[in-house]
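In structure tokens, the next block holds one chain alone, the form predicted alone.
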């Protein structure tokens, strides 16, 4: 598809003319020979029967379409999972890597900005084909060709320099923790955010945007940890950021460095386990992808998501509340902790333990629609924001249905989900409030 055709079709499909310098500048330096060489290197050395089976087995039956919020929102066959495969890896393999720079430019847009890697489509495919894996291979090819959206590549550069995605310097990280500790001590005199405590029961890690934009979440976590008498610690040096945009750009070498740093930070402190803040992609990166890239079938230290940890606190009666949160709530199931880890029932246990009026979205649990932000899509930045929000039309419909039943608050235990849902709620005038589980628990805690 030519660039002009793409722009013409944008009126109906939500796709605008490509205006991303990372992609445009990257394509300028490509030659057919370089493209073919990189493609053959990736397919021959880094993939195997799995990719070929996925691409060859697809019969284009279209059953995956109802599993994809892009197709449901935009009503265009090329946004179906099968359509995305056909436009990218299927053609690459058919032509044995002999494709043009223009093809790579369009394939990069599809792989990075038109698929959230949410894996919902695999549940509806009669063969169980994992289109997210196919799109990840396409991203890997684009990364090695140097054709990556500018904003997410900048985040990957931050990872490589600072070992966090927000260019937070070591002293800034510690200063932020001290600031949040001082803020908390105004209400809780003896509260501490312990740093570098060896042998702690719990090593708490967060994602880069928390110290940068959502420091109150660290404050809330510290209050909860102190309220339950937790033996916990946070690291003062790199390894505190559990996020991983390199996993989404296709820079697997850097992804391995990030995960090793995170694991070793906890292991060096001899912590018994890692508890991660409310983030989905970060959990996927340490529990399902990064560990395997490093050669571990499972992580070298027990890792649990905040949903799991908070649910555990209530099950063990370690946490006391004044009263339940009484504003009607609904729950968004993040892809990477629901479909990816099966925490949807524990999330509902937690909602019922903390809230008095719970209204389900439909569909829910592992069938829930993606927020349209995950998989690195929101990190591709402003050039693709309008198309991303348009792809969230089906999610907006789902939210509005829950609102009509009385829900006023959406609990979304994931940072990227907050970013995506905030844009959807604003664009479609949904008029609902967003909260993390930490927000709810902090609000209802029974504190001295």
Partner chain sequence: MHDLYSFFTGPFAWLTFIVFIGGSVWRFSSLWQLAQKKDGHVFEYMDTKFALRSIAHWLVPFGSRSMKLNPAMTVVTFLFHICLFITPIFVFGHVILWKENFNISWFTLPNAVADVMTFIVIASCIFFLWRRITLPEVKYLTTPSDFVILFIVAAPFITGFWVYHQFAGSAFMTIIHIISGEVMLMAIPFTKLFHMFLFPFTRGYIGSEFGGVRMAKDW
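Residue numbers count along the first chain shown, from 1. Quick caveat, the model's predicted, so the values are computed rather than measured.
Keep in mind that the form predicted in complex with the partner chain is missing from the display, and what follows is about it.
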Item to check | Whether 44, 48 and 296 all lie within 4.5 angstroms of the partner chain in the predicted complex by heavy atom | outcome: yes
Checklist entry - Pick from 312 to 320, 210 to 218, 73 to 81, 371 to 379: which stretch has a heavy atom within 4.5 Å of the partner chain in the predicted complex? => result 73 to 81
Item to check | residue 233: touches the partner chain in the predicted complex, heavy atom cutoff 4.5 angstroms | outcome: no
Checklist entry - Any chance residue 126 has a heavy atom within 4.5 Å of the partner chain in the predicted complex? => result yes
Item to check | Touches the partner chain in the predicted complex: residue 405 (any heavy atom, 4.5 Å) | outcome: no
Checklist entry - Taking 4.5 angstroms as the cut-off for heavy atoms, does residue 180 touch the partner chain in the predicted complex? => result no
Checklist entry - Using a 4.5 Å cut on heavy atoms, which of 265, 354, 165, 338 is close to the partner chain in the predicted complex? => result 338
Checklist outcome for this item: Near the partner chain in the predicted complex, with a heavy atom at 4.5 Å or closer, the residues from 274 to 296 are 287, 288, 292, 296
